[in-house]
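Listed next as structure tokens is one chain, alone, in the form predicted alone.
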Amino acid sequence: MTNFPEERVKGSAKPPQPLWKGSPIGIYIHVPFCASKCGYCDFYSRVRQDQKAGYLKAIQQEIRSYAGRGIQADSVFFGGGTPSILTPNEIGEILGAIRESFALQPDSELTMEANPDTVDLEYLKAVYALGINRLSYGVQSAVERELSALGRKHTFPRAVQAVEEARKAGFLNLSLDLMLGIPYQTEGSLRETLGAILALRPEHLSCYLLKIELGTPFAKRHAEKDCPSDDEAADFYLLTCQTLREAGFGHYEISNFARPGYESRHNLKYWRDTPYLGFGPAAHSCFGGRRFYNPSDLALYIEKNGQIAETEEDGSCGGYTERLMLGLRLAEGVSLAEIASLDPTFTPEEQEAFRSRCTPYIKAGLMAETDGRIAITEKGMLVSNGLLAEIL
């Protein structure tokens, strides 16, 4: 019998489900390997690669556990870790399992994260030939002192070269990651970084404010003492928003900016609360109305051939509170009427109560209501976590 996901999520004994009739889903592949660990990173990854063969076998088996259901997919995202640690042949093996198990649409968006120091022109040509059509480079800064403080192994000239190689390989959709509020960053150095990045003409930019997570090397050595103050970091965020807007980028999500038509189709699935499946240790899924995840344990993942999924504490997904929380990350905001049509428990009384909670923030300029949609403004995005906690 095919090992369907409903059967392998702990605490579930549902029989195999009928053929999938929903809209195309997104597929996330977690690659838990890095050449080195950056001091700020708390994502699940390891430097040792002696278990790579076991990982590749297990993830292909996990992917194939969904075969035979006719599930359509139109986005694949290789994240990590550092996916470009894998060889083109290894990327091809995983893509082969996906194509065998899912109805991957011809116009699918296939993204791979990469570090500039882990690729070259031949590598990029090879993965492009496999169908990868979108690259996401972790550049972070154009200033060498800041890159060194972050523990990045590449120089900015190497990042420039990696962008040029991506274009030569055929990539027309390129995203670059930047970090704000990092050690030694000033307004001047940020302007330098933004100017240098815009000169590379990327289609998409992800700009994240540094958050020092407990347990990371940054937390242990109190790296915050070398970072800009919270007020300075807020100013840097607003400067970034203004600079990118003037350069023709739409600010479509709290940390994401794109030229028209180049918004991340895969990540929009998360924020619009549509189904996706995650494969690999530490990967999360929202599928069949439930949320489940693989524990962050590579050895266990290999031992159990990828069959280690557990239901999240609140295992349901798709309720109106979740749709509000995720949708408010987007500049487009949320339509209360649309959410009510998807979740009848979002009654007129609940809608009015939600709108009432938003009213003080609308008056303060942190939120706005236009044509029946409620959204967080750019100013409000700076305090979005606290704001969402208050209204939800």
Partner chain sequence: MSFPMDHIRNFCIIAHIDHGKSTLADRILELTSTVAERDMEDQLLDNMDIERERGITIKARAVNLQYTAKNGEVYEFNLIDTPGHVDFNYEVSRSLAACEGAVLVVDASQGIEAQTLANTYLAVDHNLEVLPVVNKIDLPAADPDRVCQEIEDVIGLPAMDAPRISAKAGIGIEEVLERIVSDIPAPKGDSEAPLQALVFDSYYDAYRGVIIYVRIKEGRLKKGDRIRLMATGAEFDVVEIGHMGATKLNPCDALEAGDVGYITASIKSIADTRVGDTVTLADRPAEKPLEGYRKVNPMVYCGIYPADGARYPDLREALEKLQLNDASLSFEPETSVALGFGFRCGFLGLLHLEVIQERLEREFNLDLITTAPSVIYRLTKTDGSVIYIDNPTNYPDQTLIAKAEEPYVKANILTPVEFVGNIMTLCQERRGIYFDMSYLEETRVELHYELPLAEIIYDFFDALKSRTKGYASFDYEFKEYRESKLVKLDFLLNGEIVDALSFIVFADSAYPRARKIAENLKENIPRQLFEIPIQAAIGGKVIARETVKALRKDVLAKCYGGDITRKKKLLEKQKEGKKRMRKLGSVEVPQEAFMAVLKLDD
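Residue numbers count along the first chain shown, from 1. Please read all numbers here as calculations on a predicted model, not as lab measurements.
The discussion below concerns the form predicted in complex with its partner chain, not included here.
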Report yes if any heavy atom of Y28 sits within 4.5 Å of a heavy atom of its partner chain in the predicted bound form; otherwise report no.
yes
is_contact(P360, its partner chain) in the predicted bound form, heavy atom dist at most 4.5 Å
yes
Looking in the predicted bound form, any heavy atom of R291 within 4.5 Å of its partner chain?
yes
Does at least one non-hydrogen atom of R245 fall within 4.5 angstroms of its partner chain in the predicted bound form?
no
Within 4.5 Å, heavy atoms only, one stretch in 60-68, 339-347, 323-331, 47-55 touches its partner chain in the predicted bound form. Which?
323-331
Considering N305, Q72, T155, S316, which brings a non-hydrogen atom within 4.5 Å of its partner chain in the predicted bound form?
S316
Scan I254, L104, L150, L200 and let me know which has any heavy atom within 4.5 Å of its partner chain in the predicted bound form.
I254
May I ask whether M112, A169 and Y262 each come within 4.5 Å of its partner chain in the predicted bound form, counting any non-hydrogen atom?
no
Output the sequence-ordered list of residues from 231-263 with at least one heavy atom within 4.5 Å of its partner chain in the predicted bound form.
D231, A233, A234, D235, L238, I254, S255
